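In the form predicted on its own, a lone chain appears below as structure tokens.
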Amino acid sequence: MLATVSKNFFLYVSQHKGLNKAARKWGLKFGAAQVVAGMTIEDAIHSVKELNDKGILCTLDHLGEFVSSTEEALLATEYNVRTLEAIGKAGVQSHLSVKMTQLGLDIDRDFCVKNMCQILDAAKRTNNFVRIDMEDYAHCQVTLDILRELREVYGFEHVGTVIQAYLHRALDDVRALKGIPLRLVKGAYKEDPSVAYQDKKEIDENYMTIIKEHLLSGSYTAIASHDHHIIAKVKKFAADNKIPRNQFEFQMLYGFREELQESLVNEGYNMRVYVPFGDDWFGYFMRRLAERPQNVGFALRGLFSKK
């Protein structure tokens, strides 16, 4: 019961616009520096280099979502282009992840698509890949519609998205997206029971179902999980079905289970770390606290930190 209350509290706070705005002035507080790789592109590139030196691939995410003005969305677009250029200039191994609400999706769909095209043009110039993060259920269908448009109308092949296993529609979406690189996750938003599983066992079962579906279809699959039980099942399934290791990768969040990350690299698996950075860190950090009660330790330690 306490865990449920804590989860609901942190999910509620993560969407509080006033606190999100205030957090931009605070710096990385409450232990956020342990899971957010700094405020600037330079900070992020430095963290990526350290991870690359350990054999770990990365994907950079300039934090921000639910913007309300075209000016904010244009600034975010320009910042993402600069991030891709910085990745190319530094020669580090990192993709880019973006949230379309940061690029103006809630303002105007066509405006958002234009911004996405600008980012994907930059990714093409720098020979890189862009992942469209999946957000809450209200943005699910439009995200998939825009992905199709970007790939089929505009011809951008170096773009994929995320499917969340807690959604009832997840398996149908994975089947419809055969051949497209996907990151498969359990899901981190609070969703209504009418659209999402609420029971952990059901979510875990559906997660393995969509992982197997995408792998067996021959599609490139990113398994984003810190759950060593899930990871062990994926490793066995891949071996049993002769799925080559270059067809999939494991992904984890920056600052979590670092020993397991390095262990997977040493075993010869592709390992990619999702590296968030920027001053709009509050919503992301609150969702991390909501996901796992033990993550609250970051916040408690952070209360006594000078960072």
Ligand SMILES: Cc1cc2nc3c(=O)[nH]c(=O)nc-3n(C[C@H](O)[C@H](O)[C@H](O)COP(=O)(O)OP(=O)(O)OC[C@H]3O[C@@H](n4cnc5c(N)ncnc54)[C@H](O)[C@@H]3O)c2cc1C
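Just so it is clear, the structure is predicted and the values come from calculations on it, not from any experiment. From 1 onward, residues are counted along the sequence shown.
Unshown form predicted in complex with the named molecule; subsequent notes refer to it.
Checked against the named molecule in the model of the complex, the candidates L253, I243, M39, L57 yield a single residue with a heavy atom inside 4.5 Å, and that residue is L253. Among T77, S225, N206, T101, the residue placing a heavy atom within 4.5 Å of the named molecule in the model of the complex is S225.
If you check the named molecule in the model of the complex, you find a heavy atom from every one of M134, K186 and K200 within 4.5 Å. Of the heavy atoms in F248, none are within 4.5 Å of the named molecule in the model of the complex.
The named molecule in the model of the complex is not approached by T221, whose heavy atoms all lie more than 4.5 angstroms from it. The closest heavy atom approach of V162 to the named molecule in the model of the complex falls within 4.5 Å. Heavy atoms of R257 reach within 4.5 Å of the named molecule in the model of the complex, making it an interface residue. Contact annotation: the named molecule lies within 4.5 Å of heavy atoms from the stretch 177-185 in the model of the complex, the single such stretch among 177-185, 120-128, 144-152, 102-110.
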